[in-house]
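There is one chain below, alone, in structure tokens, taken in the form predicted alone.
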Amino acid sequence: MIDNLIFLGPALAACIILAGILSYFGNHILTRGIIFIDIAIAQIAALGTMIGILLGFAEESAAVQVIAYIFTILIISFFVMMRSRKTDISQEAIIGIIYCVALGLALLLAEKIPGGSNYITKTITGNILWVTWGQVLITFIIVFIVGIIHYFYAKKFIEISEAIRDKKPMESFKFPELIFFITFGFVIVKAVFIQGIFLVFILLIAPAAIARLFTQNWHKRFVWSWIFGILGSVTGIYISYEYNVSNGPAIVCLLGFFVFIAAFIRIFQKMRDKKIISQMVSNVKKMEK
């Protein structure tokens, strides 16, 4: 048991850290209604990594990660610039085009890299069981710095997210919006290196969606989505290790099931609440008679 915990320690620590920051960003993404921006940015990060490998750098080298960061930030800056201008193309269409182009380029580059098809699979599914304590430490530092920035801009970021949800003008939000997406990009690049695209996407969306079903309070959503993210990740890692199945798909499926279960629970709660209210109204009418 102790040996298992020692082996799984880095993976569990990485999941706890990333579940927190990804579910935090996920709450903003859901409120803004730009659901697929995260998977598009994740694919861009993977593409930046492939470009670095094609240039001759080792996959885990700092140079590759720097290239991925630069590439991701450039695309994010382009996206924010497009959002700040009125166009006839919807933002979801822009996100979809960015994702498809990034995926198409990645597939083309995979043909030029030895073992390229295996790398494509790795970027999609990840392999978190083999994360090292060194990677966990670097991830923690990045998340800590991003957390400090978002602590000072917390009210502004919430204001922006709610303004986008309510379709209010955003002229005064350009700089904070750029900060939001640049920090988002840094987190996504590091998360994709460790967890893969699908796992990053599900950790962004699923825990936040579950929390949002039961509360609209921002702070409660942040806390509960982190809890659900940790629960799904840790359970998925255990299932993956115990039954020798792929870790990424195991966590993705588990968190997906959590969403559906939570949705059914919420439906039954609403039905119960309506029944209680109906009963109360009926009792009041009887008393009036």
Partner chain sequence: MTIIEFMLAPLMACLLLILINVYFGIHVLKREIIFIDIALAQIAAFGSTIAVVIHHMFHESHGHEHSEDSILAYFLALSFIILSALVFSFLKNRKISIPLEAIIGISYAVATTAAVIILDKAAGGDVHIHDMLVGSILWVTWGQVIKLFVVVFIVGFIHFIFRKKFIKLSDNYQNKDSKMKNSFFWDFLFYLTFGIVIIEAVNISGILTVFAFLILPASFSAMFSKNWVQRIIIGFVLGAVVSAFGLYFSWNMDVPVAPLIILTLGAFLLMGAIYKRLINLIKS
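Residue numbers count along the first chain shown, from 1. Throughout, rigid core stands for the largest set of C-alpha atoms superposing within 1.5 Å between the two forms. Keep in mind it's a predicted model, so treat the numbers as computed, not measured.
Keep in mind that the form predicted in complex with its partner chain is missing from the display, and what follows is about it.
Partner contacts here mean any heavy atom within 4.5 Å of its partner chain in the model of the complex, and among 153-161, 138-146, 207-215, 175-183 they occur only in 207-215. Contact check for Ile39, Cys253 and Lys270: all three have a heavy atom within 4.5 Å of its partner chain in the model of the complex. The closest non-hydrogen atom of Phe201 lies within 4.5 Å of its partner chain in the model of the complex. Its partner chain in the model of the complex is approached by Val245, whose closest heavy atom lies within 4.5 angstroms of it. Residue contact with its partner chain in the model of the complex: Ile124 places a heavy atom within 4.5 Å of it.
Its partner chain is not shown here, but in the model of the complex it comes within 4.5 Å of a heavy atom of Phe260. Exactly one listed residue, out of Leu129, Leu74, Leu107, Ile113, brings a non-hydrogen atom to within 4.5 Å of its partner chain in the model of the complex: Leu107. Checking Ile227, Ile67, Val234, Leu30 against its partner chain in the model of the complex, a heavy atom within 4.5 Å turns up for just one residue: Leu30. The two forms, fitted on the rigid core, differ between this form and the one not shown by 2 Å or more at the CA of Phe264.
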